[in-house]
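In structure tokens, one chain follows: the form predicted alone.
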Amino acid sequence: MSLEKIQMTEGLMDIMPPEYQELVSNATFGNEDRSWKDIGSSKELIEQHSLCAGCPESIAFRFILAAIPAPEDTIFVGSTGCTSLVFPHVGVQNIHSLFGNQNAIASGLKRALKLRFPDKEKDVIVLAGDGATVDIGLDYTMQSWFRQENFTTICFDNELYANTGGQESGLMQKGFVAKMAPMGKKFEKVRLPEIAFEAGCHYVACLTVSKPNRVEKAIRNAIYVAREIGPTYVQLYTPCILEIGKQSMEGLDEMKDSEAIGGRFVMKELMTDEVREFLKEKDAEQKERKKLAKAKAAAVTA
């Protein structure tokens, strides 16, 4: 999907549905300064979805869609689970893989795109739950990191198998009792962020999706690093409010409690020294670009 592809022929404009006309006029495709602040005014940032009311995963999807720097040159690779319910509503090219093999699909896709478009950067982003990432798909996941494949893996960590009734996952916290794990989990939550870093990811972030600025920054960092240096990993806590006994409006409170001082999801970033210097340069470039844009806008209004 790109702004160019969704443009209408002038002669057909008056007969196109108003929703499509609005999409074309308000789309953020091609806008370098697109952000989470465009949510609510841009139709391609998921105006509707088929997830449960109040699902934090829907929040995560919106922030991710708003954060990716080049949606017209981005391909999502999804897996079976709650995430797969959202893809029909997403205005970005996407592939639905089998349960667990999403990183293998992404590896082949990234290599093929590099051959097909040698002069154009195509971002490949894996979006999968904790079951597909750390349990059933762990081998595929880690092998892509070992091979230094240049794409980003994003895990929606709701700490159980929410899509199939509440079974225990490797990312479930120790002692948690779920509908289909009545004895409580016997071992600690798998430390996947640390494993990812040790397995070759050059940038790793672990956080909740309660603060859009943080999510946007982490996603963009991961994509930029994956383009230039190597594999990256982002773990987002998106609790399943139904399985943990919360009301539809309590997901945000759950995430805030989990990221408080001493909480399980206090934001952390792991990165190599090379990445640290690279991101400093990217930040400086962004500040300079915004400064020039602001000066240009001021000159126009003067």
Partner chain sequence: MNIKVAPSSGKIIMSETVEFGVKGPKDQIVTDPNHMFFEAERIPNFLTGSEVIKEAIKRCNLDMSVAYPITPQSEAAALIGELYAEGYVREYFRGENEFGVMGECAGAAFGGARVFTTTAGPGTLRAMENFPMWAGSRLPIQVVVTCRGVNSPLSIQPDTLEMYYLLETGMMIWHAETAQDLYDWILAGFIVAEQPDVHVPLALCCDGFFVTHTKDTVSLQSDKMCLPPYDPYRAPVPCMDMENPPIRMMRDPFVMKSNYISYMTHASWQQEVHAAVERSRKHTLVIMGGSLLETENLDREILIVASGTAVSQSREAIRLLNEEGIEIGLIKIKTIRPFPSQELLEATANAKTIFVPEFNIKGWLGREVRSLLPNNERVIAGPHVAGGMTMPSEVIVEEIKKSLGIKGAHMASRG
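Note that the structure is predicted; figures quoted are calculated from it, not measured. Residue numbers count along the first chain shown, from 1. Definition used throughout: the rigid core is the maximal C-alpha set that superposes within 1.5 Å between two forms.
What follows is about the form predicted in complex with its partner chain, which we do not show.
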- Exactly one of R220, K189, K211, H89 has a non-hydrogen atom within 4.5 Å of its partner chain in the model of the complex; which residue is it? H89
- Message: So its partner chain isn't shown here. In the model of the complex, which residue out of G175, G108, G165, P182 has a non-hydrogen atom within 4.5 Å of it?
- Response: G108
- Item | 4.5 Å heavy atom contact, N26 and its partner chain in the model of the complex | no
- Message: Would you classify S50 as touching its partner chain in the model of the complex, given a 4.5 Å non-hydrogen atom cut-off?
- Response: yes
- Contact test in the model of the complex: E216 vs its partner chain, heavy atoms, 4.5 Å: no
- Report whether the minimum heavy atom distance between S79 and its partner chain in the model of the complex is within 4.5 Å. no
- Query: Should the three residues V266, F278 and E281 be counted as contacting its partner chain in the model of the complex, with contact defined as a heavy atom within 4.5 Å for each?
  - Reply: no
- Given 126 to 134, 152 to 160, 225 to 233, 95 to 103, the stretch touching its partner chain in the model of the complex at heavy atoms within 4.5 Å is 95 to 103
- Scan 61 to 90 and note down the residues that get a heavy atom within 4.5 Å of its partner chain in the model of the complex; none is a fine answer too. P71, E72, D73, T74, I75, L85, F87, P88, H89, V90
- Query: Would you say E281 moves between the shown form and the other one, meaning its CA shifts by 2 Å or more once the core is fitted?
  - Reply: no
